[in-house]
Ligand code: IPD
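This document starts with one chain, in the form predicted on its own, laid out as structure tokens.
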Amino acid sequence: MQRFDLAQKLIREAGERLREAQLEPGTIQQKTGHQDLVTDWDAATEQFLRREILGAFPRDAIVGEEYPDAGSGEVTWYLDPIDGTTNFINQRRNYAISIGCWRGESPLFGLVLDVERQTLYAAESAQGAWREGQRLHVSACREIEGLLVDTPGVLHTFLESHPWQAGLIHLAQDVRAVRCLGSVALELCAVAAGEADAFITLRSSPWDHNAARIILTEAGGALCTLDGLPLPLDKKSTVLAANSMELQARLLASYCCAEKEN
């Protein structure tokens, strides 16, 4: 079985397990505080994915959220077993499983499963982006006042002090609306699907975005850091995503880089 085929099979199966999961007392823990949670199901899902992937491709490497990196092969899998754990706990919706696969610095494929909606976003390099067989395209909006902007965390993006705070508050006042879903992968997929026009986060890890970024770029979008640098593959970073390089450049010039220089 090819990697892409295996990944689709595994992400569907993992989704079925999460939809049936019961959150019993003691299965929810804090990582760094009461707003940073993890469940036994995060760990169990990643264990399942790791075991099956390495069983089929033992020379591949894996980078995941819940366990140390494994392997050092040319092909690396980036796994987020539950992107949006708080949503999983509180809402039982708006959370995702994310699988990204890269050969060195080159993307192979990305998969993001909206678990409760049983909706799979998928992209292979140079093959376009799809949602359950329907081709995805970014929106055509380029005017600031018409933009819908997503962010996974209002507190970190707009209320806490950081070098881009004033510029991003200005942006929030200029656009049509800002929405917060609480899942990096699903919000990047919303930009890919044309349901949002841009996305901003102050902190994202490789397992958060390395699948969805493939889907977004294959749908015609663009990503970088808030410094305007290429999005790194192997470390945490800020993320600015937009429906085009044109809009990305405009946002950087008007709301991000200019503020940081001040």
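Only a predicted model underlies this, so the values are computations on that prediction, with no experimental measurement involved. Quick note: we count residues from 1 along the sequence shown, nothing fancier.
Beyond what is shown, the protein has a form predicted together with ligand IPD; the following relates to that form.
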### Query
Closest heavy atom of E65 to ligand IPD in the predicted complex, within 4.5 Å or not?
yes
### Query
If you check in the predicted complex, is A129 within 4.5 Å of ligand IPD, heavy atoms only?
no
### Query
Would D197 count as touching ligand IPD in the predicted complex under a 4.5 Å heavy atom rule?
no
### Task
Report whether the minimum heavy atom distance between I82 and ligand IPD in the predicted complex is within 4.5 Å.
yes
### Partner-proximal stretch of 216-224, 22-30, 56-64, 200-208 relative to ligand IPD in the predicted complex, 4.5 angstroms, heavy atom
200-208
### Message
Could you pull out the residues of 158-195 that have any heavy atom within 4.5 Å of ligand IPD in the predicted complex?
### Response
G182, S183, V184
